[in-house]
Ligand SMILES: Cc1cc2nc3c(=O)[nH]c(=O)nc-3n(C[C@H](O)[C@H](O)[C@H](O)COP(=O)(O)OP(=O)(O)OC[C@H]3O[C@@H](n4cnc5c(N)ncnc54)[C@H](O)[C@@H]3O)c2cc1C
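First, one chain by itself in structure tokens, the form predicted alone.
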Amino acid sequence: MKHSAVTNLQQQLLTAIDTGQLSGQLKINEPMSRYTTWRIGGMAECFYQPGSIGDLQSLLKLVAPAVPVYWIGLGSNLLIRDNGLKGLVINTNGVLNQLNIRCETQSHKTLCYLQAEAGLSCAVFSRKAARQGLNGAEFLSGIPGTIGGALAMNAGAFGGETWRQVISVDMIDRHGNISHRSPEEFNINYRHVEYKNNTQQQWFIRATFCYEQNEVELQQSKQEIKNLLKKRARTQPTTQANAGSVFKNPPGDHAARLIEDCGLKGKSINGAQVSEKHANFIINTGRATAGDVEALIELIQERVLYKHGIKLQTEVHFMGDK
């Protein structure tokens, strides 16, 4: 991508905001460390928070094909490299966050349909579902991300997974076109979701979930989740800057066990450290760079491969060039 393409985009977006064509917020050369749970990452040349889905469509129609487009929510499960992101970063956290609930009775049971936009936090979604007496969304209270991110990776916790209750999704492509799709159109696996006919870059903007009202089971599940959240606070570094689990669990084993068995708990590279509480977490002790974290990730992979013959796959997504 030529630098002029980004420069032209900056000028286009500034003009579009001045003339009222766009209603969101634009920031130029914005530090991404402000938007990631690791509190690290380089500059974004164009950082935009859309005012609505319609505004997002207008934005994407302005973006030239040569300009890279990135999408982030709460910034968990994400490592943005120190060189930053050239192009456009779209941040939906706290802006595309509408939730509509519709309930109906069918065959002596009440079903509720929850349509959530991509920027809604999973924790808020979980709480609002519980207020409706719905059972099945409790696990989302333990996901430190947005609905859009949970859809993109089939996020899970406490035995639950995002796509189990999804009945439809809406996606937007690079040209601002919106399409309505069913779960059958996706390959849905452990921490991975792929559209079967994927031919271009696109993102989730909305999803509709279906849950049944069941107050008895809900109360039991809510108590279990409270216990699990307390356990998580005891066993995971929830008060320190981290991005969640770094590695996927290999079949029949746990990444944390393999890492700990290699003697890597507490291992540091400058400001990046393997958590003493949970070996599948890397924390920023206050001065880590993305390079430090990535070097530590690679070291862990090398040690586990050498000792156990297993190549750990990252759950964390990387953005930007090394």
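A residue's number is simply how far along the shown sequence it sits, counting from 1. Please read these numbers as outputs of a predicted model, since none were measured by experiment.
FYI, the form predicted in complex with this ligand isn't displayed, but the following is about it.
**Student:** So in the predicted complex, is this ligand close enough to Ser33 to count as touching (4.5 Å, heavy atoms)?
**Tutor:** Heavy-atom contact with this ligand at 4.5 Å: absent for Ser33.
**Student:** Please determine whether Ser168 contacts this ligand in the predicted complex, using a 4.5 Å cut-off between heavy atoms.
**Tutor:** Outside the cut-off, so no.
**Student:** Spell out, yes or no, whether the shortest heavy atom distance between Ile72 and this ligand in the predicted complex is within 4.5 Å.
**Tutor:** Judged by the heavy-atom cut-off of 4.5 Å, Ile72 is in contact with this ligand in the predicted complex.
**Student:** Consider Lys222 of the chain shown here, and say whether it contacts this ligand in the predicted complex, taking contact as heavy atoms within 4.5 Å.
**Tutor:** Judged by the heavy-atom cut-off of 4.5 Å, Lys222 is well away from this ligand in the predicted complex.
**Student:** Looking at 107-115, 137-145, 222-230, 181-189, which one sits within 4.5 Å of this ligand in the predicted complex if you count heavy atoms only?
**Tutor:** Single hit among the candidates: 137-145.
**Student:** Using a 4.5 Å cut-off on any heavy atom, which residues of 143-172 would contact this ligand in the predicted complex?
**Tutor:** Heavy-atom contacts within 4.5 Å come from Ile143, Pro144, Gly145, Thr146, Gly148, Gly149, Ala150, Ala152, Met153, Ala155, Gly156, Ala157.
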